[in-house]
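Okay, so here's just one chain, in structure tokens, the form predicted on its own.
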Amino acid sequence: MKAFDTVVVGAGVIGSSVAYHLAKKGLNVAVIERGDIASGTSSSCDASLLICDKKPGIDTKLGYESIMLYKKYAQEFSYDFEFAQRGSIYVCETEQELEVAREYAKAQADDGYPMRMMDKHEIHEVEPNLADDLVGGIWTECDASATPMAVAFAFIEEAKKLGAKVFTQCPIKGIKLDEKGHVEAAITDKGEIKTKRIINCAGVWSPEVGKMVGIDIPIKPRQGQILITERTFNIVNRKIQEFGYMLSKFEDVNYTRKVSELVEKHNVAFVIEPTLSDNCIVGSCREFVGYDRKNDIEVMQALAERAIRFVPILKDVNVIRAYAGLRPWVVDHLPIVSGVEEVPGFYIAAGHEGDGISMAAITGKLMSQIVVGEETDFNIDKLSFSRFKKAKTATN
């Protein structure tokens, strides 16, 4: 196998975006993937491009800038990744939730994002199948959706047009460093690829790649399960999720829901979105169960229970399939998008948890700027791998 300027490890939504943006900068890029394109987490997630589920600050900034890029690429790319900008609704069960939601929406609106409160009448006017007792919610106009697998294929197709080479069924086996500790080659079961740069976009499997250069990447798999309904009438018009989704995602949100033991046990929060094929995607849970990607009947029951509570008409709709995926979780809920000081030529773009699809576009752009030495579009110091070293030093 010949030499390349850069080798990208992983062909999910993150790796494919990184490959495209690097090729756009004129670099000679190879993508190596142990399975097929989008065969990992990108094959088993929802279709969300959101800011409504992100904390104010850099988290929201990443999501918003990514949505703006997706909107642009939807017009430019030849491969249709089914971009749709319908907005989203966060629904609240209680007045207490509504009050916390008001503070959250105000903070986001004060930062310039298109987010506002909706009262009980307005949410039921736009989504008549919601439960009658829901008290209001948050409307986020810019939120959108795209099909994750199609996103990965779209970025790969554009990268190929720019000269990138893609090697599937080609797992990385090791990384060779020179006498100064710089990246020198990627070792695969199809041969050695000479390169001065390796971008680790392996998601929940990024720690395995990190070990090849002697670093510990603090990413853990966090499982999510999803139900797919039969094709049916227009149950909902856009992405809808409960306020409790914030609780399930961020452990420091100070609110406790009144839910069943089953829902609490599996950290389930209601999420639903329509597909272009007239199905509904229903989720989701957040559990640490290692690398287990099997569906669990208890979790599926909890998902159904919570969904029927918010959209009662779902009790008459059949589920035709279910799947589970693994989110690359990081303790501060921010991805790693940076180089690694200890290993010149080694970079990481991983740890997006459930926001990989949301943040893929901007992650690829930012990583390409880092690699070629340009100033990034905005300050991303909080995404640096070195933050973990600083945190460890501070606790010693």
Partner chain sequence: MIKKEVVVIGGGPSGLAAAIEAAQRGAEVLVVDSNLKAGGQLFKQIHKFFGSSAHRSGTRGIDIGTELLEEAEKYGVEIWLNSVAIGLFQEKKIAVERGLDVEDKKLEIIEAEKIVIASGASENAVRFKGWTLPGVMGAGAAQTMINVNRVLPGERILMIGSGNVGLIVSYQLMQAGADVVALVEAAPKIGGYGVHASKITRAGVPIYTKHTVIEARGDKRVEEAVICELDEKWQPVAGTEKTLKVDTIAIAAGLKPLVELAVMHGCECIFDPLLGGWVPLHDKNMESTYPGIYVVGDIAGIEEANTALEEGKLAGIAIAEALDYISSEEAKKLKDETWERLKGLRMGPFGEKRMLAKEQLLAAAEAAKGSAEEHQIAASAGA
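Positions refer to the first chain, counted from 1. Everything quoted here is computed from the prediction, not taken from an experiment.
In what follows, reference is made to the form predicted together with the partner chain, a form of this protein that is not presented.
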Can you check 97-105, 293-301, 167-175, 197-205 and let me know which stretch has heavy atoms within 4.5 Å of the partner chain in the predicted complex? 293-301
In the predicted complex, is there a heavy atom of the partner chain that lies within 4.5 Å of any heavy atom of E264, even though the partner is absent here? no
Would S260 count as touching the partner chain in the predicted complex under a 4.5 Å heavy atom rule? no
Contact between D316 and the partner chain in the predicted complex at 4.5 Å, heavy atoms? yes
